[in-house]
Structure formats: C-alpha cells, structure tokens
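Quick heads-up: it's one chain on its own, the form predicted on its own, in structure tokens.
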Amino acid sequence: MARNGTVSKRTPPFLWSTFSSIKLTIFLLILVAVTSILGTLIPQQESAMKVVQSLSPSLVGFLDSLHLFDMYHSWWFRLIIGALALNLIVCSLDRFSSTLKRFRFTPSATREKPFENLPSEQRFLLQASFDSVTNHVGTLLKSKYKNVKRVDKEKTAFYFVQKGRLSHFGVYLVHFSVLLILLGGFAGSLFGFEAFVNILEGEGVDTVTLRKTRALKPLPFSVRCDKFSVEFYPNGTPKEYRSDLVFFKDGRIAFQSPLRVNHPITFEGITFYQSSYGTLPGNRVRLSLKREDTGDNAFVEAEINQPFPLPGREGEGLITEIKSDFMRMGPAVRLEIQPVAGEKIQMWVFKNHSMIEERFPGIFEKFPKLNPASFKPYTFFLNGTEARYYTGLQVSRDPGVPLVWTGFVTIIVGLFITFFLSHRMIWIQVSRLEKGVNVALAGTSSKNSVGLSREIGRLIAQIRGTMDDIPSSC
C-alpha cells in the first residue's frame, strides 16, 4: 500500500486478485458440474411431484427452501454462474495488456539470439551471386507472408516475417463465447417462461398457463386453432396429429401455419410445440329409444338442458350432463325423465352399453341410476355425442437461445485458433562470403514447434532447390 493511501500497482486489490485466480475458475467449474449432476439426479419442476409424494412434508419443505426441485432457477445457482462470468471477465482483463503487448511487439530483423545453437541443416552455402539470392529470398517470402521486413547491414541482408499473431487472442474468444452462453442462460432464466394451453378446435386464446406457478400469462397476440386432425395406426395408436394455427396481431392475421409433432412454430420469439390432444363433449347428443311393449324404436336428437318430449307423450326428457369418459366406461349422458305424473327419474345412459354388460354382468340391474331401462316402458341407448377436439400446446419463450447458439459457434472458432494456430516468427540471414553466399534460417513459435520446423524445412528446400538452377557468379 502506498503512503498516499492508493493501492500500489505491484499489489492488486484483494477482490481483483481473487477473481483473477485460475484456482477460482477451476473451483467454480467443479461447483457447476456438481450442481448440474444433482439437477440431473433430482427431478426438477413437474417431474419432482412423484418424488414429493413419497417424502415427509418437513423434508419436502427443507428441500424446497433450498430450491433443489428447481435449482436452475434458484438464486444460488445464478450466483455461481454470475461469479464464473465475473471470474472470466477479470481473468481476461488482467492478462489482456500483456497479450496486447505481445501482439504489437515486432522484434528486430537483425536479432542474433535465434541463431544461437542453430542446427547445421538450417545453415547452407549457395554458389550464386549475392543479389540473385537476396532477390529470390525476398520474392519467395513475399509470396508466402504479408509483411516482409528487410534490413541491409554491410555484407548481410536480414529478413524477418511472422504470421498467426491473432492466435494470441484465441483464448479471449473462448472466454467471450462462454460469457455469451452464460448470458444466454441468464436471459432465458430471467425473461423466459414455460407454459401450456389447450385450444378448442375453432376457438382462440390470448393467454397461457405458466407451468411453475399455474398463473395466467397474457400473450402479445392471439392464436386460433382453425382445424385439428389426427391419423391412427390400425392398432389405434396415434400416427400423426396436427393443428392448423392462425396468429392474430392487432386484430389482423399475421401468420398461419400447420403445427405438427417435432415441427414447432415460433412467432414473435414464442415457440409452440404440439404436445397432446383430446376431446370435449359438445352440447348435442343422439339417443335411440326402444319400447318394451311394442318393440318400436324412436330416435331423438337432444341438446343439453333443453327438454324434449317422449314419443308416447309420457313425459319429458332432459340431458343435464355429458361425459366423454364416465367411470372409465366411455361416453355417457345423465338423463332426467319427468313423467306426466310421478317423481323425476335420473339415469346414466352409456354408449358402450353392450360392452359394459359383458364385462360387468348384472351391473345395470344392481344400480338403478346406471340402468337405461329405469323408466318403463322405454330403454334408452346413446348413439353418439357431439365431440370437439382440443389441441394441447407447449409454449415457451427463451430470449437467450440466439446468444447460446452464437456462443457455441464462436467457441468452436476460438478453440480452433487456440489449439491449432500459433504465432510464428522466422529470421533469415543472407551473408556474402568469399566462397559463396551463406543462408541461415531460424524461428520461434508460441506452440507447435514441430510445425515450425517443417515450415523452415520447406523454406530451405525451396531456396536451395531454385538457386541450384541459377548459374553461379560472383
């Protein structure tokens, strides 16, 4: 600490030195890995309901207070990710100035140190004129490198070339990519949502139900399902189902497209997935009535809560409830009969009457409210109900997805630059001697010394191979 109270440049502040530590980076990465493993082993959000039911309320309350059932949206997981992001930023800034100096530094072309202890194969003598050798070396270097520096001193021409200086910044591109991915995760966690909605065929919605809180969330537009269709395999398993969706913005059709399984639709940053489907009973049913005394049959189309007369004027019938799957025995309606004289009679009329009677013999006689022949002389049969399909949609918004994809692309580029590119510097000395022209090549590389040796070997072969065809002259 300096006397005037300012921090000395040699001693960085405690927080800065802490967050610029590689040890902290390793610790945070291990912490993220451990929490991710826990998030995989412990069911999250809706998947945790089965586990919760088997645990005691006190244990569930404790685990829920730690947000272990939704850890990726917990404050402590965001704190870990934020610390990792800050660590990457500080590490990058702390080392950037030295990296920038290495990038800007251009060593002297007349430097002698690279030629110390030079292997003999990197020095050779040419029987040619000094000018022809220097011209050839200069032309060759200009064809391979952008900036060729030449310095002439007495009887020697010095050349210096370099390439791959940008490889110093490969690690920073990797850091930037990781920050983009983390930022994308933050954006999705803070500003995204996961929801669901069921839309009846022919109807529209402008709100969805959030999965986590079950609260309604308004959409910035409305969506309507014009048509729902489903195809089945011969065994009854759904083969394909699709929803024809229409999106409205400001009261006008803005977009329309069919939605199929594994083919989501994205509109204004909100993605819709085809998830499920089902049917809801409509308002109309078709009944058939059989008189036991005469054997006559009659057919009636009735609407819920709308009374209809019986064929023989014995009273009125009224459909009070319609079920698409009552008691897991298929479609059924609750029928009330108000006789001309007497008390009201209630019964359930099933569509799968024969199948139920085969599976449960005598069930209708034992339970009068399930007996469609409770009002004599009629036996009622349900021929069908008006059914309407609804489409079940998963709805999600994740504004961080573009950032995450950009991060994945840039991290590949950054890793390629970091591991496969290197900063190479090559010096060449061309000296005039009494016996000919001496050529020496030396170089350094930030990494991949084998690649540097091969590059120098190719330069030597090209210089010697071409100069052998030039007549010698002094």
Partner chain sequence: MLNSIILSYITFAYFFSFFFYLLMMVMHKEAFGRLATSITLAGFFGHTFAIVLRWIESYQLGIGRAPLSNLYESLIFFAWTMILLYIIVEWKTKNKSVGAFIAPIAFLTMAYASFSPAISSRIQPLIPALKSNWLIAHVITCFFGYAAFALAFALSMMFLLKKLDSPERKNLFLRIIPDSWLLDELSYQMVVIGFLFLTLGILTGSVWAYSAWGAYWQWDPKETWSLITWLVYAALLHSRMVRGWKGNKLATLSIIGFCCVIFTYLGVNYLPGLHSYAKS
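What you are looking at is a predicted structure, and each value in this text was computed from that prediction instead of being measured. Throughout, rigid core stands for the largest set of C-alpha atoms superposing within 1.5 Å between the two forms. Residue numbers count along the first chain shown, from 1.
Below: the form predicted together with the partner chain, not depicted.
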So, in the model of the complex, is Ala442 in contact with the partner chain at a 4.5 angstroms heavy atom limit?
no
With a cut-off of 4.5 Å between heavy atoms, is Leu15 one of the residues that contacts the partner chain in the model of the complex?
no
Give a yes/no on whether Gly185 approaches the partner chain to within 4.5 Å in the model of the complex, heavy atoms considered.
yes
Distance check, Phe416 to the partner chain in the model of the complex, heavy atom within 4.5 Å:
yes
Quick check for you: of 114 to 122, 394 to 402, 362 to 370, 348 to 356, which stretch puts a non-hydrogen atom within 4.5 Å of the partner chain in the model of the complex?
394 to 402
Name the single residue among Asp131, Glu194, Glu316, Glu203 that comes within 4.5 Å of the partner chain in the model of the complex, judging by heavy atoms.
Glu194
Could you spot which one of Ser143, Ser98, Asn262, Thr294 gets a heavy atom to within 4.5 Å of the partner chain in the model of the complex?
Asn262
Just to make sure I understand: among 161 to 175, which residues lie within 4.5 Å of the partner chain in the model of the complex, judging by heavy atoms?
His175
Following rigid core alignment, is the displacement of the Phe96 C-alpha between the shown form and the other one equal to or greater than 2 angstroms?
no
Is it true that Val151 shifts between the shown form and the other one by 2 Å or more at the Cα, once the core is aligned?
no
Can we say the CA of Arg242 moves by at least 2 Å between the shown form and the other one when the core is superposed?
yes
